[in-house]
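Encoded as structure tokens, the following chain is the form predicted on its own, with no partner shown.
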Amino acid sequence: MLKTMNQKVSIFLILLAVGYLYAAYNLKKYPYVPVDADAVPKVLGYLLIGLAIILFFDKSSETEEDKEKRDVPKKEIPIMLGVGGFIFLYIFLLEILGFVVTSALFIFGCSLFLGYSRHVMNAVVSIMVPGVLYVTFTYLLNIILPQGILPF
């Protein structure tokens, strides 16, 4: 039935997207906002389903070189697990600390963990990127992001 790796991955992605859309449709509705918090997740969920369907019918075949690229060296597994841990912490702390604080800590901590050594530049980027995204989403797009411990 499922002959290629692309077909197997596409089925997994479709199931993931269905679960994601289920969660997106269960997000809290906010009155008096032109674009609600569930708009972007819904678009992304349907986009993922569409791309997964395209992947399912993709006719390109996997070469031996492609199969070798898929193998992860043993020394990189702890790094991947560490980044996964950072992502888990980000998800867990997002509502508690808020978007700006959690995103800044995630960007700085993950960059530090992955070996980025320019700490001042890392700190500037870690603060500026979430700040610009927060202002863009909250004030320009009227999409509410988790406020957390900050008073704005």
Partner chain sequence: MGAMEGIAQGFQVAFSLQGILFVLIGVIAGTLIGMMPGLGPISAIAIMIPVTYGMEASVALIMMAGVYYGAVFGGSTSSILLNAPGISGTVASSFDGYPMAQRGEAGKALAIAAISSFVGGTVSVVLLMLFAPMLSQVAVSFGPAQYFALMFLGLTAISSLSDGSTTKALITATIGFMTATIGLDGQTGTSRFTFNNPNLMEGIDFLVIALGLFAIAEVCFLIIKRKDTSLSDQGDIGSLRLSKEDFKEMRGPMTRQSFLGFLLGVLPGAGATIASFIGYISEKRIAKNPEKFGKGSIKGLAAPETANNAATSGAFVPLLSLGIPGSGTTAVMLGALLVLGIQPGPLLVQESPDVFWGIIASMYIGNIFLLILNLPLIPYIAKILKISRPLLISLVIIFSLIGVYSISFNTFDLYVLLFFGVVGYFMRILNFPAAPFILAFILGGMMEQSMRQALTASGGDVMALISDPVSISLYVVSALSFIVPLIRTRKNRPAA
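Quick caveat: nothing in here was measured; it's all calculated off a predicted structure. Numbering follows the first chain given and starts at 1. By rigid core we mean the largest C-alpha set that fits within 1.5 Å across both forms.
The next section is about a form of this same protein that is not shown, the form predicted together with its partner chain.
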Partner contact for residue 23 in the predicted bound form: its partner chain, 4.5 angstroms, heavy atom:
yes
4.5 Å heavy atom contact, residue 7 and its partner chain in the predicted bound form
no
For residue 98, is any heavy atom within 4.5 Å of its partner chain in the predicted bound form, or not?
no
Is residue 11 close enough to its partner chain in the predicted bound form to count, meaning some heavy atom within 4.5 Å?
no
Stretch 18 to 36 - residues with a heavy atom within 4.5 Å of its partner chain in the predicted bound form:
20, 23, 24, 27, 28, 30, 33, 34, 35, 36
Displaced residue check between the shown form and the other one: residue 14, CA, 2 Å or over, core reference
yes
Taking the rigid core as the reference frame, is the Cα of residue 23 displaced by 2 Å or more between the shown form and the other one?
yes
For residue 52, is the C-alpha shift between the shown form and the other one 2 Å or more after core superposition?
yes
